[in-house]
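One chain follows as structure tokens, the form predicted on its own.
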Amino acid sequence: MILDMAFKNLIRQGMRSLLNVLVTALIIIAIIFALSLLNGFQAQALRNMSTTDVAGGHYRVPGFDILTPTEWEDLTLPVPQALRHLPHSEKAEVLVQQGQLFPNRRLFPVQLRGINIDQSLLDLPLHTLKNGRMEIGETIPVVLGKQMAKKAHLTVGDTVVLKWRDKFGAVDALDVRVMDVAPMINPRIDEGVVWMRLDHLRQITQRAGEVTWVAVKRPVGPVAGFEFQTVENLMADLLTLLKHDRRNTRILWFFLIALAGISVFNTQILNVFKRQKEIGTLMALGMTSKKIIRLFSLEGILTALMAIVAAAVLGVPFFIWFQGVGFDISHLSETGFPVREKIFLDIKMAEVVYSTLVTVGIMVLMSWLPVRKVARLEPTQALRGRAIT
């Protein structure tokens, strides 16, 4: 009986109930969208870092720090036997050295990064180097990322002077030719980086068989002379940044939940105020204050349930459409985020269920709080509409 009355009262309120349901449904959709978009961004950023640079971790020369280029020349070692036998699909040998480009009579410090061109562990657009000659001719073939090429004002086919220092401290220089300007989705391997064949870089720096690190698909245990850098260590800065983004999203989530609660609370306050005569009539007919409180609370619960249904009806088609078009973040190409393509939602059911249950719980609570005054009403005053002022 009370459930039937609560449903009829909710329908009788018309536009007010409809707006309340729609606002709550849109809030639920916005919460799920924000969380899923952040999940998709984080998953894609971590995936891009892993497939282009980090892989399953690095076996590095002890003491190597990518932020101290003046020490790179002293931190190279021959590839250890424990890693030498690994197939090209499970390792990527990398040699890092310091160099200087001279585009348009300007000095441009760069990171010379040579990689084993036969490796297939890292997804890098360096196919033009693979098709080149093994011997160094009049020029050395190199590949640049788009951001690097833009800052150095270089294009495909340009020739520019490159200077470097070899293993014995001798300074040498030679022309390099830009074979390709490739789209790099990871700024770590783009800005300030000149990609070369590993055999070419070893040859010009006289470091036969030496590497700075070896990226592996999975750890192989301790390796003499090398220290293993885990994925968490290599991505520490990115993981910290994503952690802050997650905290900011929780703040947005809190405000959206609060907005839904305020909307329901306001509606219930207005209901109790406008329906005093109805409440007085129900009391005069013998309905106890507890049952009246239950009636108003059920109206709030039904509103929450209808909001969930509306969120499903409106949200599912929207999410399906969004997964087809994605979210373009090309405007972030100048930032340090390792994501430069479209991102898509990563919907986690645990977050959907948790957010929905919290929203419903807040709505039920906000429906119950205003109607506590009903327990203190006098039927005669309620019938005159003066019980609550």
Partner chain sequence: MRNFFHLKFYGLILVAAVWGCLTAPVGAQEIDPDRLLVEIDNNMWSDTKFVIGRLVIDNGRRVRTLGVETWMQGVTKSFSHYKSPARERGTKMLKLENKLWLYTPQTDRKILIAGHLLRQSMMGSDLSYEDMLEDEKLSQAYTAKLEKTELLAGIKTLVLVLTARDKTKTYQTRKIWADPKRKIVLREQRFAKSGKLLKRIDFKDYFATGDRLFPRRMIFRDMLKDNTQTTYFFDEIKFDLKIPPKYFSLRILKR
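Source: prediction; values computed, not measured. Positions refer to the first chain, counted from 1.
The same protein also exists as the form predicted in complex with its partner chain; that form is not shown, yet it is the one meant from here on.
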Going by a heavy atom distance of 4.5 Å, is G56 a contact of its partner chain in the model of the complex? no
Contact test in the model of the complex: G169 vs its partner chain, heavy atoms, 4.5 Å: yes
Mark L252 yes when one of its heavy atoms lies within 4.5 Å of a heavy atom of its partner chain in the model of the complex, and no otherwise. no
With the cut-off set at 4.5 Å between non-hydrogen atoms, does P109 touch its partner chain in the model of the complex? yes
Give me the residue from G280, P187, G99, G261 that has a heavy atom within 4.5 Å of its partner chain in the model of the complex. G99
The single option of T288, T155, Q206, N266 touching its partner chain in the model of the complex, heavy atom within 4.5 Å: Q206
Within 4.5 Å of its partner chain in the model of the complex, counting heavy atoms only, one of 172-180, 113-121, 235-243, 253-261 shows up; tell me which. 172-180
Counting only heavy atoms and a 4.5 Å cut-off, does its partner chain in the model of the complex sit next to every one of H88, D199 and R218? no
